[in-house]
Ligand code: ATP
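We begin with a single chain expressed as structure tokens, specifically the form predicted alone.
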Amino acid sequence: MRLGIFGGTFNPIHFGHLRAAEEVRLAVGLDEVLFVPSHIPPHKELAGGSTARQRLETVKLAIGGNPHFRLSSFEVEQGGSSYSIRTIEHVRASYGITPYFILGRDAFNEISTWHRAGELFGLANFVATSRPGSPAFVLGDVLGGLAADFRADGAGYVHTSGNRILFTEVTALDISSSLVRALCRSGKSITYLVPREVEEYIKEEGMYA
């Protein structure tokens, strides 16, 4: 089984998230993508006043129609700061596989600062998404000394463990969670930025207003 992990605050989830996950699933040949909303992101302020329960529910509603997408409440149930390596270890133990961790190029550029960064690449493959025309990637600039554990190949880089770093271009949808929150605060429409079920839930809960 080829399983992707797609973590984030999803505050709220929007079509940009969903389209990126679908394009990565097809490009990498994943059987499923596991969406993992964070509890408290260690590298990002959680804005807007939403609760973990609300963010879990919006993701559940958003992915309900895709049989290849699944929801995990692992990080929310763990509480505290959400460290990706704990989620990777949990997935490895639960499924007996080496997962594919999906993240944007901007987040990947900061990966050397992550909790237990030196252990990450021995535990999972990484799929870094970028927009068409993104600048060339230089592994040493991002990973520093950790780059010595990799060799280049045609599709990305291979770690000494055999795990890989892959790069996948995804459609650049100019949507962000901060834009959705700002529109909610000003009472403006978020139709066609988020799935209809998510829009209705946000209105019912009074999220971001």
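Owing to the predicted nature of the structure, the values given are computational and were not obtained by experimental measurement. Note that residue numbering begins at 1 and tracks the sequence as displayed.
This next part talks about the form predicted together with the named molecule, which is not shown.
When you look in the predicted bound form, the only residue of T98, S112, S130, Q78 with a non-hydrogen atom within 4.5 Å of the named molecule is S130. With the partner omitted here, the residue from L123, L139, A107, A117 that has a non-hydrogen atom within 4.5 angstroms of the named molecule in the predicted bound form is A107.
At a distance threshold of 4.5 angstroms between non-hydrogen atoms, I88 is out of contact with the named molecule in the predicted bound form.
Taking non-hydrogen atoms only, G16 approaches the named molecule to within 4.5 angstroms in the predicted bound form. Not displayed here, the named molecule is approached by R181 to within 4.5 Å at the level of heavy atoms in the predicted bound form.
Within this chain, I175 lines the site of the named molecule in the predicted bound form, having a heavy atom no more than 4.5 Å away. In sequence order, F6, G7, G8, T9, F10, H14, G16, H17, A20 are the residues of 5-29 having a heavy atom within 4.5 Å of the named molecule in the predicted bound form; the partner itself is omitted from this view.
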